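Single chain ahead, written as structure tokens, the form predicted on its own.
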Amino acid sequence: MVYAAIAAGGAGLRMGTELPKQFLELNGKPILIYTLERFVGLTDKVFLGIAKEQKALTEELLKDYGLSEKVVITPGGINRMETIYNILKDIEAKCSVTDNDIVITHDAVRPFVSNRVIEENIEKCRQFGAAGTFVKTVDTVCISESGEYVSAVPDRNMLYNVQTPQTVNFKLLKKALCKHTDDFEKYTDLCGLLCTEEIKAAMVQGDYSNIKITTPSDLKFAEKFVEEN
């Protein structure tokens, strides 16, 4: 089985809106719905981790877009890792998990992920146990230990931007998360946690259009992208 774990706990602080960013609309449809529709049909079951305060709104949207029977709502955590951990526990409680089952995790506010990227994540996870989505870094990046002076400039040819989906064997991921329940806040995504556990994730070539919508400028790009596609 392939389970999708969609993290949708963002508060929209950088967007500057009262409504969490996953509920903002693109061409009349909420960002969250675009994202969920990407995974329905390509996975066996979709689990959505969301704040309890947004449960009623989410249930209404799922009903409006015919997704009520296809998406399971799980209470989100105080950070991304806890949300994913909650989803894994919910999957175990409601499904019969086997050694070969995998979990494909994704940001609710990355609505433009392609079928190719999803399918390649699943394929490479089946081969190697873990996979992630990356694009080459196009800007030169510096390291600053003080925040005032440049400490180093790493070789750009070795640098990649991390995207989602990130996909891991279910039991391998559950074991890794269980070891870090006291320091989930250290990890902004699964890459750091997998590296800590020396789990090598195979690399899937992402798309530069697979943006995470977090700022007003991201939203403008997304609106234009929807209009042109």
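Residue numbers here begin at 1 and follow the sequence given. A quick note: this is a predicted structure, and the numbers were derived from the prediction, not measured.
The following text describes the form predicted in complex with a further copy of the same chain, which does not appear among the structures shown.
Partner contacts here mean any heavy atom within 4.5 Å of a further copy of the same chain in the predicted bound form, and among 49 to 57, 185 to 193, 28 to 36, 170 to 178 they occur only in 185 to 193. Proximity of Glu119 to a further copy of the same chain in the predicted bound form: non-hydrogen atoms within 4.5 Å are absent; the residue sits far from the partner.
Mapping the unseen interface onto this chain, Tyr160 counts among the residues with a heavy atom inside 4.5 Å of a further copy of the same chain in the predicted bound form. Val138 belongs to the set of residues with a heavy atom inside 4.5 Å of a further copy of the same chain in the predicted bound form. Heavy atoms of Ala93 never reach within 4.5 Å of a further copy of the same chain in the predicted bound form, leaving it off the interface. Of all the residues from 137 to 158, those having a non-hydrogen atom no more than 4.5 Å from a further copy of the same chain in the predicted bound form are Thr137, Val138, Asp139, Thr140, Val141, Cys142, Ile143, Ser144, Glu145, Gly147, Glu148, Tyr149, Val150, Ser151, Ala152, Val153, Arg156, Met158.
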